[in-house]
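Take a look at this single chain in structure tokens; it is the form predicted on its own.
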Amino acid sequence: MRKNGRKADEIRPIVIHQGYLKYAEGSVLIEAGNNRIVCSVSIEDRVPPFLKGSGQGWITAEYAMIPRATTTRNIRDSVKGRIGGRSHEIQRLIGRVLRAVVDLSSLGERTFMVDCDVIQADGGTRTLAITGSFVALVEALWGCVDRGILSRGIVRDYLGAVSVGVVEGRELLDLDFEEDSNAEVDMNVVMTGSGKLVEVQGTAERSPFDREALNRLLDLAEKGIGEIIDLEKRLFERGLP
């Protein structure tokens, strides 16, 4: 057992509150352990300049932590006057993986703007934000289908993400902050419901790891993501829009 009471191959229980915000077209509060993230989706009837006249839509994302999401206060990006490198990397990741499972040509010239605001962080916020963003996006898209704005067949597959790593020589699933801070290997994995890889981010924090370890970590991630996908399917009883 780990210090947090979980088995090596056990994810933190995930709770998703749908329709969390009154005004957003799609929104959730997603919780896992001590993590709390609000993900919302807004729809704009415009696209980036490079897509004008193409008939194709776009999905993009922003990611931020409120100042006291962590043990010490962080300065807001708006005060710094620039987006931090970590936030910029994560929001590009979120937009990229969401676009991988959506038929952008079916959106028309609309932008689906995803906002992820971490209100409490305990490791693995980027992967949890991906899961929360996917659920909020599906909620927004179902709203468009129900109103006759879009037709079904937009989302190709389910999407989930989780972290894995090696801590004190043990391969672990869904690292919390303490585990992540002491990881010898740290990896984030994004997969579809059909088991296809969308993105793998892996780093040897202390010493290199071999192909066999990589395969075992991917198997561990696949187990966790499978559980996340099962949760998503229970939330969307009528399937994907």
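Predicted, not measured: the structure shown is a model, and the values here were computed from it. Just count from 1 along the sequence shown to find any residue number.
Omitted from view is the form predicted in complex with a further copy of the same chain, to which the following refers.
Annotated contacts: 86, 115 and 206 all touch a further copy of the same chain in the predicted complex [non-hydrogen atom within 4.5 angstroms]. In the predicted complex, a further copy of the same chain lies farther than 4.5 Å from every heavy atom of residue 231. a further copy of the same chain in the predicted complex is approached by residue 69, whose closest heavy atom lies within 4.5 angstroms of it. a further copy of the same chain in the predicted complex comes within 4.5 Å of no heavy atom belonging to residue 170. a further copy of the same chain is not shown here, but in the predicted complex it comes within 4.5 Å of a heavy atom of residue 21. Contact residues in stretch 28-59 (any heavy atom within 4.5 Å of a further copy of the same chain, taken in the predicted complex) are 34, 36, 38, 40, 41, 42, 44.
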